[in-house]
Structure formats: C-alpha cells, structure tokens
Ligand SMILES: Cc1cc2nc3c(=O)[nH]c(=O)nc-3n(C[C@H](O)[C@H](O)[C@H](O)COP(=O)(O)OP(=O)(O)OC[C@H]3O[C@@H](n4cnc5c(N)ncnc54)[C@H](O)[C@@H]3O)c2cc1C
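A single chain comes next, written as structure tokens; it is the form predicted on its own.
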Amino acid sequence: MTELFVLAEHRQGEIRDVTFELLTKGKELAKKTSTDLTAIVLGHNAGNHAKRLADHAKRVLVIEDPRLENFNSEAYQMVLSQLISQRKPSLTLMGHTAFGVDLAPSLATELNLPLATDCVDLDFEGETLTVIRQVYGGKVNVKARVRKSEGYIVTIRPATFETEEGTPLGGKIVTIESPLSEDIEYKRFIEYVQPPAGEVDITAADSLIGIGRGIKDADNMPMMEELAATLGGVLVCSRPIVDKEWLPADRQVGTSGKTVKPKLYIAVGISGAFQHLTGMKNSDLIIAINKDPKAPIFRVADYGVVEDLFKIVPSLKSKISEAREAHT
C-alpha cells in the first residue's frame, strides 16, 4: 500500500465539512496501513483549497481546469480514472452526498474496483477491507468484507466522523496537468440553484431545535417556532411531525431524513427512536427535554430535563431573551 485518496468536495468556493471528516478517518487508516494520505482537489483557481487541505494530508494533488470549476461527474470521472489507474491508491474515499452518489458507481464500474456506499465506518483487517453499513432503516449495523482488490472506492455518510484538527501536517502540494482535452457537451453545469426563500439547509445550521410527537398539537407549533427564533436556531423534527405535515420533509432529521451535526441540538418532546438518533447523535452538544425519564433520547444527550415540555419551553425562551437583552 502506498497512497490513500480522499476526494475533496467543494461548492461555491467552500470546502464541504464532509471532506475534513473523511481526512480525519483517512489519517487513522493511513497510519494503520503505513500509507500516505493524499487529498485530491479538482477545480479552477483551487490554490486556497489546496493550502487548507495541506494541513490535513501528507500530499495534495491539484488538477486545475476551467471545466472543473463546478462539479460534473463526467469530467471528474475522466480525471480520477486516469489518476487512480496511474497511482493505484489502496482506497479512495468520498462523501455519500449528491456529489459522491453521482460519481462513485460509474467510476468504480469503469475501473472494475469494489464499491461500498453509505458506510458509517470502515477498517483494514490485514489486507482485507471491512465496512459497516446500516440496514433495516438503521436498526442493524452490518459488517461486511469487501472482495480482495488492489484498490477500493468507498462513500461515507456525512457527519459520521468527528473532524480533528490536530497538528498541521504541512502536506506537499503537487499540481498535475489536466487530462481533459475538450468540453463535455452532453452533460454540463448550468447554474447553482439556491433553496427558495424561507427554506434553509439544516445540515449547515449551528443550532437546531428538534421537535417530536410530544408537542401534541399543531396549535403548539408557534411556541416552538418562537423558541427557535429566540435562540437564533432552526426548527427541525422527527418523522411524525412530517407525517402530520406540520413541517416540510426537508426539516426531518434521521435515517429517512437528513444527518446533522450542529454545535447545539435541543430535542423537545422527542422520545429518541433509533431512526432519529442516527441523524443527530454526533451533534456537539445535545440537550433533551422529555417527561419520560426512560426515553432513549437521554442515552445520547449531554444534558437532560425530565419534565413537561410545556413548562420548560416558555421558561427557557424567557431566560434566553433575558440573557440576550443583558448583552445588548
């Protein structure tokens, strides 16, 4: 084994968090297998990306090309298939995002490499790659051995691993000439469409207030919206709230919704079914409010309040407002 690749994902000039999560796991695997951790960044004027990635990898390979400024799976595949064929990394990691889901299967098929998708962990046991995937809606973790190969491609679920800064590695930045010779007319980037006004990307929010069936009635939604507004956070939910159409599906957290990792997650009236816990358990700080002391949500919470939410939420909102006023 010589190299372990992590493909950087960037959008609108920003490297996505999943990239640093993968580099953290990649560093662990590289150390175990005596492999060099190499970050790959494809783009245009990507010098700042490369400098930032150099703190997290031993080597950064940069492929500059105007046709790589925005993600195009066809262009990425043309570049990566050549790069992987030449350098033969033991493993190529990318996020299980719209980016990775579009790219990884086709790339693996072209290179005839084993592919494991939507993994929540992986490891090398000797020269055998093992991966952990969730099945039955997250009820069961399955450990699978991947057929032996000189290389593998794996996509990792976002927010699975904690990002560790550590000591900057000062990786060497190497610029490689782009192999693209002509424009790809049959598949091209047109524009980036922002979410409609009023909608938010809950995966990017620092503070989330999660609500569940414990709020009982739609008439109590304004109270929860006021709490979120007072805190400067975003209101999200478990599956029952979406089923009742009290919040849209893009606000759902869990295996059938989105995986989030905010700085603060307040779970209000959420019992904590495994489907929901899977989507938020890696939040930096979790506060749970539930009148059932045996609710599963308390297993992952850093702080828990065993009390009727209708007593706690108004008081919490009032205290937050007082604290804000005191600092203005």
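In case it trips you up, residue 1 is the first one in the sequence shown, and so on. Only the largest set of C-alpha atoms that superpose within 1.5 Å between the two forms is called the rigid core. On a predicted model such as this, the values are computed, not experimentally measured, just so you know.
The same protein has a further form, the form predicted in complex with the named molecule, not shown here; the description that follows concerns it.
Only one of 37, 295, 46, 286 lies close to the named molecule in the predicted complex, with a heavy atom inside 4.5 Å, and it is 295. With the partner omitted here, the residue from 158, 151, 212, 100 that has a non-hydrogen atom within 4.5 angstroms of the named molecule in the predicted complex is 212. Only one segment in the set 25-33, 273-281, 38-46, 52-60 has residues whose heavy atoms sit within 4.5 Å of the named molecule in the predicted complex; it is 273-281. At a distance of at most 4.5 angstroms from the named molecule in the predicted complex, none of the three residues 89, 114 and 146 contributes a non-hydrogen atom. Residue contact check for residue 172: none of its heavy atoms lie within 4.5 Å of the named molecule in the predicted complex.
Put simply, residue 95 is far from the named molecule in the predicted complex: not one heavy atom of it is within 4.5 Å. Remark: residue 309 counts among the residues lining the named molecule in the predicted complex, judged by a heavy atom distance of 4.5 Å or less. Of the heavy atoms in residue 85, none are within 4.5 Å of the named molecule in the predicted complex.
In the predicted complex, no residue of 125-142 lies within 4.5 Å of the named molecule by any heavy atom.
Annotation: Cα of residue 125 displaced by less than 2 Å between the shown form and the other one, core superposition. The rigid-core alignment places the CA of residue 134 less than 2 Å apart between the shown form and the other one. Shown in the overlay between the shown form and the other one, fitted on the rigid core, is a CA shift at residue 11 smaller than 2 Å. Compared with the form shown, the residue 161-residue 249 C-alpha separation increases in the predicted complex, the change being 3 Å or greater. Between the C-alpha atoms of residue 159 and residue 265, a gap widened by no less than 3 Å is obtained in the predicted complex, as opposed to the form on display.
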